[in-house]
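Just the one chain here, laid out as structure tokens, in the form predicted alone.
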């Protein structure tokens, strides 16, 4: 018997319904995965609300998970029944079993549990492309990372520390600021009690940042632009507070000929080669101990609505998972 969370219409957490589903045999090039853990990410909220609309109803949200291969389709030669694999980016994850393209999953290496893999694939690979591809962070980089106590933020701060960067992190409240600091942030700003633009100017002596990573959106824009040195880069990769509304690109010229990008992971792992490169880099930094994955919450699959309430209410830190 297989179960999944289904969405019949866009809306709040209450539209996440638990249902029995039929999962057939894998087709050519597919695997059937019995999931042991499922990652919960803010993109799931965007799918649920319709900010990132899906083509039809009902659909199952969730873009990250891990588990055991229980069947393989024709033509699949590099995976076998019993392998433990993980994936990110394939919607339909809130389910006890599912079908997946074999070329979009990666084997979980020894030393990493299914729960850890499920909690880190989407967030960890996001951190990887942002720090290593969107902008190549190194020891000469001064960066600002908003919402640094979140899932992507805690991974990214640790990774950026390994790369030698000067990290200015924002978070909401003393507890979250302490988490960001313990992850390796050079400086932390409590946006609940401090004006982050003023603090960035103070911390940098007016030199500002080479790059700002903003997964918050509406609440931090356009203030983020005032934290970037001329010719610097603004990376908008999320909308936790709501999407950035239309703006005149002339503002980028006025604030120092800034660059702006809105990346998505799909473009960075579009081929099997780049998927494996990204995932293996992530596995390496986790196995080395340079990046620790903090799984702070575990919910039963049927309780996905509560997981969403907690995520949207900013009651969570680190990564949270669903368990079928």
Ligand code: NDP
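Residue numbers count along the first chain shown, from 1. Just so it is clear, the structure is predicted and the values come from calculations on it, not from any experiment.
Absent from the display: the form predicted together with the ligand. The rest refers to it.
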Heavy atom to heavy atom, is residue 222 within 4.5 Å of the ligand in the predicted complex? no
Contact between residue 17 and the ligand in the predicted complex at 4.5 Å, heavy atoms? no
Quick check on residue 316: any heavy atom within 4.5 Å of the ligand in the predicted complex? yes
Given that the partner is absent here, does residue 98 sit within 4.5 Å of the ligand in the predicted complex, heavy atoms only? no
Taking the ligand in the predicted complex, would 151, 172 and 312 all count as contacting it (heavy atom within 4.5 Å)? yes
Among 27, 263, 256, 58, which has at least one heavy atom within 4.5 Å of the ligand in the predicted complex? 263
Please tell me which of 135, 196, 234, 237 lies within 4.5 Å of the ligand in the predicted complex, judged by heavy atoms. 237
Hey, of 80-88, 102-110, 226-234, 209-217, which bit sits against the ligand in the predicted complex at 4.5 Å between non-hydrogen atoms? 209-217
Within 119-148, the residues that have a heavy atom no more than 4.5 Å from the ligand in the predicted complex: 122, 123, 126, 129, 147
